[in-house]
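For reference, the chain that follows is the form predicted alone, supplied as structure tokens.
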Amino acid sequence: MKITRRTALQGGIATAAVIAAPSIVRAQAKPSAARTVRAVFHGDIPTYDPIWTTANMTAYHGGMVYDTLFGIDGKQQPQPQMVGKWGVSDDKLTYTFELRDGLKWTDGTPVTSADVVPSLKRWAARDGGGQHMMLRVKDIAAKDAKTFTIELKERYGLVLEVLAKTSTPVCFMMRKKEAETDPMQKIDQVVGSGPFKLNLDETKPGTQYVYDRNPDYVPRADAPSGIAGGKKVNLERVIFVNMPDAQTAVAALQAGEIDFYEVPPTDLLPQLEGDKNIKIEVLNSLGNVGQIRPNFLHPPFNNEKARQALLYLVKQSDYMKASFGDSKYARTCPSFFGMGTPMENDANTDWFKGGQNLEKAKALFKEAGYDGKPIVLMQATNIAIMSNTAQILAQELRQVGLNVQVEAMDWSNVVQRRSNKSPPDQGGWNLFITWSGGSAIGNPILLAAHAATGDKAWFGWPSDSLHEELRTKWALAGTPEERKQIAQQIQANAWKFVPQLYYGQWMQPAAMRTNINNLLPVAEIIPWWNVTKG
């Protein structure tokens, strides 16, 4: 497949996802077009379970049907959401929370502490930030139907931030029945308490997902900000349309057949900017950071030298040009914490400043003992920036003498296979490609990919005791200045053991009809509450 700027942003999944039918309250009447939004995103929904996966499309789905205990506001501060009242003991070891009035599941039953406790435990088993917090948690317990506590073994100042984060997996609350599902197994029911509910009758997995306003949802009285505040729904219906071809999506937007397009190709932006009925907005000012994840479990990337070789091999500017041309929206990213974040620094970046060095990379692979066995690189062919990245990476690896086996599949299959710890020749893998939001990359605790806890870590399973010591030190630091100093130490060590490396950072402008207003800018989630049409 030839790499072009056009193919580079044709995100989407053409193959229908096989998803078990959820339990949903059926919609009674079809809303008017004036209060219906049709939106095209970067891909399909691989699973309805936003705890089981870190896939952003599933988080988008989760934000529609589920709610969170706390939410991050526009100033990046945690604010109560499902929680009405909360407090912390004088010794800072016991947090007490009371659910607010009016919370109800779409099956008609009330949300209680009995739902919250297993929801927290299931989420924490999958999330890097949750895992880090749980190391300090003595107990999570329901005190009555509306009150629950988190009791700590030691002080931990990030409790609210971890509960409120928008990086995946988001801490969505689920009904007790689903929350008690094994964290390693996907749920097959969608019973939420959020501002929308999934309409099973009109949803066609792989083609469209229909969300109707939840008439029983009671929003907070606060002004909306980030994913915090009042989630007042002004629309009657939002339809997630799966439309993989970029030109088709652009034509549909201009014709008014869809209202919102998340990932318009940069070479088509002038066409859209010249249309008086279309407007362009960047909803995530820190953008996305592309990640290449090596597998620590198997050769050659179980050897630190082989992972270091990747730093000298990858020329980020080539990756960004292939996908974005000379766009103002893309840049290279040498900082482990992303560019433009509070923790950005330049510790241990000589490998980047010196430019691509194929001879150095070749020598490091030799030191690692690479023996010519195939390197299995998973290529998500239906999300083209990932597909392009895989092709460039394969070419670079072959330039230094590696035997690369590119395994082409759609993103849903990458999501499934990346959890396989078997050797590459037995269904496992060596490398896969993804991305995370810049705000998540900028926090050592809240991004699951920043954990280096071995078998408990995110896919790739990096392990480094110093990294974990420094992350804890960062979490317990008393001032922003102290955290910045520790972030430099984290980065210096990270670019030594290389848990992941980056292929660039970009802001993705979204395109929408001019009658779509009040869309809140939120990293990692695209919220449809507060939005008006017309």
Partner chain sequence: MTAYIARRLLSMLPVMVLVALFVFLLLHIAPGDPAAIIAGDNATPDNIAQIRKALGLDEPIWKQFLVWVSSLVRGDLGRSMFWNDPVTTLIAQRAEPTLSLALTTLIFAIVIAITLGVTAAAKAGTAIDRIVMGFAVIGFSVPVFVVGYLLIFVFAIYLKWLPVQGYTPLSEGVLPWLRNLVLPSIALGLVYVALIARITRATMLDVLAEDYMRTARAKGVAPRHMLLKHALKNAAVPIVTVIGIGVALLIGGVVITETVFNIPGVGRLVVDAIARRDYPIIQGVIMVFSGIYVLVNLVVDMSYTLLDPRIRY
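Residue numbers count along the first chain shown, from 1. Take the two forms, find the largest set of C-alpha atoms that superpose within 1.5 Å, and that set is the rigid core. Owing to the predicted nature of the structure, the values given are computational and were not obtained by experimental measurement.
Keep in mind that the form predicted in complex with the partner chain is missing from the display, and what follows is about it.
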### Summary
Only hit among 502, 70, 48, 66 for heavy atom within 4.5 Å of the partner chain in the model of the complex is 48
### Heavy atom within 4.5 Å of the partner chain in the model of the complex - residue from 336, 429, 196, 411
411
### Task
Would you confirm whether the three residues 55, 184 and 461 all fall within 4.5 Å of the partner chain in the model of the complex, going by non-hydrogen atoms?
yes
### Message
Contact with the partner chain in the model of the complex for residue 168, defined as at least one heavy atom pair within 4.5 Å: yes or no?
### Response
yes
### Query
Taking the shortest heavy atom distance, is residue 93 within 4.5 Å of the partner chain in the model of the complex?
no
### Query
Does any heavy atom of residue 456 come within 4.5 Å of a heavy atom of the partner chain in the model of the complex?
yes
### Task
Indicate whether residue 221 is a 4.5 Å heavy atom neighbour of the partner chain in the model of the complex.
no
### Message
So if I measure heavy atom distances to the partner chain in the model of the complex, which of the stretches 171-179, 353-361, 114-122, 241-249 falls within 4.5 Å?
### Response
241-249
### Message
Just to make sure I understand: among 301-340, which residues lie within 4.5 Å of the partner chain in the model of the complex, judging by heavy atoms?
### Response
none
### Query
If you line up the core, does residue 145 shift 2 angstroms or more at its C-alpha between the shown form and the other one?
no
### Query
Taking the rigid core as the frame, does residue 114 move its C-alpha by 2 Å or more between the shown form and the other one?
no
